[in-house]
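We begin with a single chain expressed as structure tokens, specifically the form predicted on its own.
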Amino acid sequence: MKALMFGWEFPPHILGGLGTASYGLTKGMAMQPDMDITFVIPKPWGDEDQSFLKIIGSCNTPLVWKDVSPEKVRERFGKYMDPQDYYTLRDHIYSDFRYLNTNEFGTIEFSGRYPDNLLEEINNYSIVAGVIARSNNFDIIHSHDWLTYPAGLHAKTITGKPLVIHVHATDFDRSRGNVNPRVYAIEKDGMDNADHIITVSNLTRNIVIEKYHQDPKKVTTVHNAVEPLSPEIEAIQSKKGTKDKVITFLGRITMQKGPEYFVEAAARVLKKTDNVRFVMAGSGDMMNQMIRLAAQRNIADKFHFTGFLKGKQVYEMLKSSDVYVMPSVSEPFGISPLEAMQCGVPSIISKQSGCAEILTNAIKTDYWDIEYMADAMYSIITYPSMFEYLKEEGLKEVNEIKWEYAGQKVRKIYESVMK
């Protein structure tokens, strides 16, 4: 079976969990001998692992003028935009491609990130998807997250092949309910016109059904998994330069991730014991606010901000930690606790996370219950038997949560849709 997948990021160049999940799922699916995956991203960097799939860069795909006409822009994207924004986008495309005609070819540049003109890049990506769909042979289309839904719909319109969309998060998760109407419109259009919808948790499935008004029969949960540690990662040693215990938050420092609850819980732990340090690893629009909050709670001398970590740095941080905490307000899944448990680090996760549906040997708290969260942190660093139990049982549990199994579930969905 041949699948044409549209994604937005792919390791090693990732800015969040979307790229990690895309990599794990495609690698797990590739373990099926007859599975052939072509994975499209806006901008490859050249060092992606293509041993189990083929990667196509939209930035490297030649276009014919007719594919970037204002009519195509209006047809594919106009309904999501205010009239003035639409005309600005149309004029921008005209400006970029004014030298082209129907017999000449050109390419569109993409940032490969999440730029200020993200809606424009999403539209350009959907335009290129039409060219890619016409020039590749495949059985089914698979679009990962809202950024690629227009691309998947364009490919479906051109080829008539069935479309599966993969909801890794919704704007209800990212915005704490303060939903962007343009993003919501893109998400709902993708869901309405997809042949099937995959969600990464039952938490997300319920949001899709209730907030986007989708038929429950059309929505299937396939929980995420975790990649086995490579020998290189296994060999990483703790770099903790202190006898103090280390409790870590690792992720985007945004309102979705609940960083303020981590700081407040840390302040309560430090009232009970002094031999503990807290790390907030990551970056985001709330970082300066969290630095000020730590100072206001008089714990700045025990609080460390590392900035964004990637690759080996993530595992160096995890292996130097005694406790991992994910206090997310709304987390569709959350792969990072699984990665922490792989490293033998006991984890505390919010009940409002998708991974809480499948993890037994992690402590689960409501994100807002900072007293319970602080008690859990204190207990793990104070009682060795509790630490050892969570470490050993957590490792056993997470080693059985495999992308291969998730890939098999997705394959069954493909076969059902194609019937």
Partner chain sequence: MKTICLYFQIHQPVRLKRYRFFDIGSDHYYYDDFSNEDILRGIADRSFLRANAMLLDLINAHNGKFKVAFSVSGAVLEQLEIYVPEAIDGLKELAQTGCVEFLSETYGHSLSCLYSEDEFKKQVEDHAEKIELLFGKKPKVFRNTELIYSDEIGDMVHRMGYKGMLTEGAKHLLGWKSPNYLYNSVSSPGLKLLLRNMKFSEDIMFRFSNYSWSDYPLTADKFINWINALPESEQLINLFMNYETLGSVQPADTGIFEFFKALPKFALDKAISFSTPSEVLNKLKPVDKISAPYPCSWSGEERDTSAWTGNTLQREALKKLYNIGERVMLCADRRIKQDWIYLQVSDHFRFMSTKYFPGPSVYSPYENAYDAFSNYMNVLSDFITRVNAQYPISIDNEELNALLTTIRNQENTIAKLESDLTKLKKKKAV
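Residue numbers count along the first chain shown, from 1. The model shown is predicted, which means the values in this text are computed figures rather than measured ones.
As for the form predicted in complex with its partner chain, it is not shown, yet the points below apply to it.
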Just one of 180 to 188, 155 to 163, 332 to 340, 277 to 285 has residues with a heavy atom within 4.5 Å of its partner chain in the model of the complex, so point it out.
-> 277 to 285
Students should find that, of E227, E316, D139, D195, the residue having a non-hydrogen atom no more than 4.5 angstroms from its partner chain in the model of the complex is E316
Given that its partner chain is left out here, which of I209, L119, I233, A300 has a heavy atom within 4.5 Å of it in the model of the complex?
-> A300
Using 4.5 Å between non-hydrogen atoms, is H304 touching its partner chain in the model of the complex?
-> yes
Would T242 sit within 4.5 Å of its partner chain in the model of the complex, counting heavy atoms only?
-> yes
For N202, is any heavy atom within 4.5 Å of its partner chain in the model of the complex, or not?
-> no
Examine A294 and determine whether its closest non-hydrogen atom to its partner chain in the model of the complex is within 4.5 angstroms.
-> yes
Within 4.5 Å of its partner chain in the model of the complex, which residues of 340 to 358 have a heavy atom? Give them in sequence order, or say none.
-> none
